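Have a look below at one chain only, the form predicted alone, in structure tokens format.
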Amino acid sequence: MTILPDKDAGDLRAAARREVQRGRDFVDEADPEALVTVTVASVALLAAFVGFLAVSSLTAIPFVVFLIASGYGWFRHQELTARVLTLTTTVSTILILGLILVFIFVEAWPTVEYATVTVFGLPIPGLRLFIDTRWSPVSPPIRYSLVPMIHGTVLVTIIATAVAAPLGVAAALFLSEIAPRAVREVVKPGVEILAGIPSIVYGFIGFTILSPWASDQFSIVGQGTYLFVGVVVGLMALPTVVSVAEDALNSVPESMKSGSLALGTTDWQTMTSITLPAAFSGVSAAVLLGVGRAIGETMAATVMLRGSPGLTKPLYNVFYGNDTLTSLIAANYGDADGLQLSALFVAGVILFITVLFLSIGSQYIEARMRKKLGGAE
């Protein structure tokens, strides 16, 4: 049992030595002028980044130096400059993401601390946010419960998934296995165009057409229902589900399908017993990405919902709609300050963590599918 840790440590040390040796070889083989150029560009960009964080008026100077050094290196030493620029871009992306994480968590902490509840003598920060049901940022007692918005987000996401998952998988199956080439070349771009339509347009259509119709048909007081918000958001998530699910279905080896047909099965039997089961992981990842799209939708929900935080009665009543986490942020961010603003950051943290886990889960599922089908890991 003690051999594995030693072996892993040895592998890490060997990998570190290889990377160090690669760096030395790179420095020895590179043109000294090119090394100086990319070093100046990297140091200047780092200085500009630090100046930006420090809100310095001199930030533009190192950034101009970076542009000049990069331009010179691109014309004189293009390959090395391109490698450094791509590495710099990657590192910058990671740094920016890390700073965003730190910022939203720091901004969310005052409300988390304010909502501390003592249970059996042990203070639990933020617990009141999830056990209370009252959002009252103005009238005392001041409460910042996110339960009503989480409830609304869950209902909208469930309805959107019920719309996007079956329609998306069916459309992907049609495009991948059934549609003639000419039809596929027309339908697929049409589906992808849906992703390019601004979400405010979907919300406006829902607000001016679906919501008034629902008010008349179901005798609803006011506009905004979780049901039709979920339908609109499901249609918005449809292109994501179709695109990823089709890629998963296309990755199934043709030999598996041909072997099934050679045994006398029909095309439909092959699709349902071979293609879909083999691509199930990828199709599941497509649905998860669609769910993430639904959870993060803002403008459609903001336009169509009432914007009055509260729980529906009964809880499963989808013919009324109050607020979701995203619509809460969009509707209140401009006027909020103090603890209320911090509470909006808490809502952002919840959304971020939820979508992060969905994204990681979908990537894990896709990696399992590639491994299962013999693809690259």
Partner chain sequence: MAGAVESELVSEDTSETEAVAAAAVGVAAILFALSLAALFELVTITDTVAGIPMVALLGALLILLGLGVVGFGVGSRLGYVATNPRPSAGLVAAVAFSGIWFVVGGLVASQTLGLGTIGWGGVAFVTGGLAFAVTALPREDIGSTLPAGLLAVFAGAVFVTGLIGPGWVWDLGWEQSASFNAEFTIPVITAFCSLLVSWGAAKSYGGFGARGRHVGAYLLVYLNALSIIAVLFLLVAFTVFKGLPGLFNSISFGLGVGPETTLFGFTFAWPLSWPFVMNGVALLNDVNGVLPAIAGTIWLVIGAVLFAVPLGVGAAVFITEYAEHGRFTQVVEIATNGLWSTPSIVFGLFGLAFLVPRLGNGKSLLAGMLTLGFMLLPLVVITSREAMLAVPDEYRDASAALGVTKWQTIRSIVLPAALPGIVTGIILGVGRIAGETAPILLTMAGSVAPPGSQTVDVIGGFRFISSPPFVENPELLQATSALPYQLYSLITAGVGQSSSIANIEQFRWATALILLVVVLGFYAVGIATRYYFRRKLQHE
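This one's a predicted model, so the numbers in the text were calculated from it and none came from an experiment. Residue numbers count along the first chain shown, from 1. Take the two forms, superpose them, and find the largest set of C-alpha atoms that agree within 1.5 Å; that set is the rigid core.
In what follows, reference is made to the form predicted in complex with the partner chain, a form of this protein that is not presented.
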Arg83, heavy atom within 4.5 angstroms of the partner chain in the predicted complex
yes
Would Leu35 count as touching the partner chain in the predicted complex under a 4.5 Å heavy atom rule?
no
Residue-level question: is Phe204 within 4.5 Å of the partner chain in the predicted complex, judged on heavy atoms?
yes
Please determine whether Ser70 contacts the partner chain in the predicted complex, using a 4.5 Å cut-off between heavy atoms.
no
With the partner chain left out of view, which of Phe130, Trp109, Trp74, Phe280 would have a heavy atom within 4.5 Å of it in the predicted complex?
Trp74
Going by heavy atom distances of 4.5 angstroms or less, which of Val147, Val117, Val154, Ala195 would be at the interface with the partner chain in the predicted complex?
Ala195
If contact means any heavy atom within 4.5 Å, which of 180-188, 154-162, 136-144, 117-125 contacts the partner chain in the predicted complex?
180-188
Would you say whether Leu315 is displaced between this form and the one not shown, judging by a C-alpha shift of 2 Å or more on the superposed rigid core?
no
Does superposing the core leave Pro62 with a CA shift of 2 Å or more between this form and the one not shown?
yes
Does Ile329 move appreciably between this form and the one not shown, meaning a CA displacement of 2 Å or more on the superposed rigid core?
no
